[in-house]
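Given next, in structure tokens, is a single chain: the form predicted alone.
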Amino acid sequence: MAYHILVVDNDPLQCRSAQITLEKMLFYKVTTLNSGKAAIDLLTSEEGKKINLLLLDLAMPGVSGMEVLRAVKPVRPELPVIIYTAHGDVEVAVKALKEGAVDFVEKKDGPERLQVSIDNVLRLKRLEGEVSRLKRAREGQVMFSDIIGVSPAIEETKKLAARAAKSNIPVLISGASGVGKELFARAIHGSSERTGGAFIAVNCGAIPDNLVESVLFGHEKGAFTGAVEKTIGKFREANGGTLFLDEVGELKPDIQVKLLRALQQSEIEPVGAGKPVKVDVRIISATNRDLKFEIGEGNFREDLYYRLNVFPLNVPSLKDRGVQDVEMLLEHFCRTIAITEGKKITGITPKAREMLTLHPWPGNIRQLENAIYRAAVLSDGEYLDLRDFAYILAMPEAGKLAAIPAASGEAGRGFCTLALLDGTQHFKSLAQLEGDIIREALDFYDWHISQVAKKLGVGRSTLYRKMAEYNIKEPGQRKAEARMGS
């Protein structure tokens, strides 16, 4: 996720310095302002809601930093504020902490101290957000803001689902297994006028055929062998709320008839009961099957399909959502497991992240979540590394990645990944792969040229020639060129 930081300082040079530091070192989006009044105007506006953190100077002419803090906090109590103060203002900065600031950094301390402060503040905000999300999930109050992702595909799906939430019409959610159909169903319920009622989820494919009618509609005591007590069924449990029928395409034809009657008449007939019972239930159903195909095969009733499919909603697969959504989900699951399992997982190493974003994830979000949980359970480190995902690289669908185990004597280094396909999903040329191998080997052996040349089976002069041919430059050279170009 790209965080938006507002820097407020009356000194344009200080603003520019902070902006360069943040954008180059931390890759955040940065806006700068040179007056306290302008900061208040922005942060109290609708546009100001996009700001995730305020870096605030105190000693400004006109409207001071303290006045900005006092004006903004009542409007944006959740906005973290870091005081960026000159030497000698520490006593005032401490007063600012009492007014709601979360930290202060002296300008003389340099960019590293600023980076640590911002990292700590935003990490805490992410954890607080995750705790809040988990709490809402436990209470059944899932909102569309809890659905992670910013890709056009998922944003469009959220917009359509939000429209569905404004009415009580039946919704049919389609999509592959593991894409998050139930999460969308819960968000529709949580954003509807029925949010105070129960959300009851039923997996139609997990109920034995002889018990489906009883589970859905209830039964009277003694209605059949084993019916030792009366049950009200899922329809009446969801009365006044929402009933989510997951994998509705698994229902047998005889149950489909009774479900259709329940939807048409808004009443059910419990097994063994002498009369029907009125129910007030909003139906959301989901399937990973092509129900139109099932209708053609005689497996699903056409009249029931049109009764359920009043508002169709398709949830895109993870492969259609883009790298940014995958990265956001990786962060989300790392934070979740840190909270729920008490693991000291801070994040994922760049190499592991690259591999995970390249993986096709045929099992979608569910598979991604399980992979992170498994890796976190097996890992004792603060960061999940390639070695924690070795089994992913061994999967048949990981064909675009080559897993290269560490050489003997280098057991602590884990794995190296090479993408065999280019951006057009065709195999790279041998020359491209040779360049990739040299780059990986240089990083793997910390740019010890002699060792790299030995491991690759070439002479030092040949290696230098190849590096020049593929425009591979040493880190020091790259930094010097970057400084000259900035």
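Numbers for residues come from their place in the sequence shown, where the first is 1. The structure presented is a predicted model; accordingly, all values stated were derived computationally and were not measured.
Separately, the form predicted in complex with a small molecule exists; it is not shown, and the next lines address it.
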- Candidate stretches 332 to 340, 68 to 76, 380 to 388, 268 to 276 - the one whose heavy atoms come within 4.5 Å of the small molecule in the predicted bound form: 332 to 340
- Of these, 295, 201, 93, 176, which has a heavy atom no more than 4.5 Å from the small molecule in the predicted bound form? 176
- The unique member of 147, 165, 153, 212 whose heavy atoms fall within 4.5 Å of the small molecule in the predicted bound form: 147
- Message: Can you work out whether residue 356 and the small molecule are in contact in the predicted bound form, taking contact to mean some heavy atom pair no more than 4.5 Å apart?
- Response: no
- Would residue 237 sit within 4.5 Å of the small molecule in the predicted bound form, counting heavy atoms only? no
- Task: Find out whether any non-hydrogen atom of residue 183 is located within 4.5 angstroms of the small molecule in the predicted bound form, and reply yes or no.
- Result: yes
- Item | Interface membership of residue 321, the small molecule in the predicted bound form, 4.5 Å heavy atom rule | yes
